[in-house]
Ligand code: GDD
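Just one chain follows, in the form predicted on its own, and it is written as structure tokens.
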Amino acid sequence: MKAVILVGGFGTRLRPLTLTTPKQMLPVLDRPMIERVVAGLARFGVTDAVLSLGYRPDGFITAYPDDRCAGVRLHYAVEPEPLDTAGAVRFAATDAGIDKTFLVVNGDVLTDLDVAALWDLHRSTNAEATIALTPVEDPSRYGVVPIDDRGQVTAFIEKPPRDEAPSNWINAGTYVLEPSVLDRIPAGRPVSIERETFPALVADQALFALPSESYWVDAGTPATYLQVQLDLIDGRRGPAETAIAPTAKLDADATVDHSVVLDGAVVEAGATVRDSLLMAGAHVGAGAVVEGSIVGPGSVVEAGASLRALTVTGAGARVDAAQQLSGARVPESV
């Protein structure tokens, strides 16, 4: 089984973390996000994955020099220019020579979706494309997908106003596609799978969907990126995972509560870290406070400073002593 994984985006919502690192190479606890995505596919028999690359492709290629990730063979398809979601799928699948039914997944989605069930529905309905659905409180950021009692999609409504959405079931970013879908995607220009390809499939009654209430998080924002870390240490996805890396250094007089502290991070005496993520090599000075925030790799929070309300610091950033930040980005992204 082959899968195309979309990892070519700029990660704009996660800046400043993504100013130096592609989004899917950011760590989720002890490994890059992409490894958790690929491992999830491997559990359902995926043997080959095509990484659809665009922004900072070398970040992936150098990380996996043997072209394997989580036991899965990798093929790199580097877009010459941004081609949007459908364009990226077409380019990657063509570049890898895919000519049979295949999977497509968004590389920033962490989910426990039953891929086998999605595949089985696709086969049983003779669909041209079958997509996974997940429920959300606010569907206005996503593609809303009403279906009939057979699972056939009756409309595909991309990012409707919240009070106009016909349901809260949205496109979950995992698809089973027939190669014929590639013929529907024009070459050489950006094409949106949500705004062009899927609506065309709906018109031809060729698109089906499977609702699922399995764990699902789009980890593409600071809030959700932090959430997936805390979910793992809380045991929301199987046994609780380790929150504090063995190489982290926490002073005995520091308070670290419900937080993830990665390799080589330091928390000095009197500091408080709560509901937060300290990335590799981060340093929190004496008496500083970090609450509900993300301290980027190698960042320094000087003594007495305060980071609250989802403040995010980029790689190597510095927060001056006694500075009080709330909902800030350091450095401010452009």
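Since the structure is predicted, the reported quantities are computational estimates derived from the model, not experimental observations. One rule holds for the numbers: they count along the sequence shown, beginning at 1.
The next section is about a form of this same protein that is not shown, the form predicted together with the ligand.
Heavy atom within 4.5 Å of the ligand in the predicted bound form: which of 208, 102, 225, 156?
That would be 156.
Which one, 271, 53, 294, 49, lies within 4.5 Å of the ligand in the predicted bound form by heavy atoms?
Selected residue: 53.
Looking in the predicted bound form, any heavy atom of residue 199 within 4.5 Å of the ligand?
Although the ligand is absent here, residue 199 would stay clear of it in the predicted bound form, with no heavy atoms inside 4.5 Å.
If you check in the predicted bound form, is residue 15 within 4.5 Å of the ligand, heavy atoms only?
The answer is no: residue 15 has no heavy atom within 4.5 Å of the ligand.
Is there any non-hydrogen atom of residue 229 lying within 4.5 Å of the ligand in the predicted bound form?
No, no contact at 4.5 Å.
Whether residue 166 contacts the ligand in the predicted bound form should be assessed with a 4.5 Å heavy atom distance threshold; does it?
So residue 166 does not count as contacting the ligand.
Tell me the stretch among 260-268, 81-89, 247-255, 233-241 that has any heavy atom within 4.5 angstroms of the ligand in the predicted bound form.
That would be stretch 81-89.
Those residues of 292-318 which, in the predicted bound form, come within 4.5 Å of the ligand by heavy atom
Contacting residues: none.
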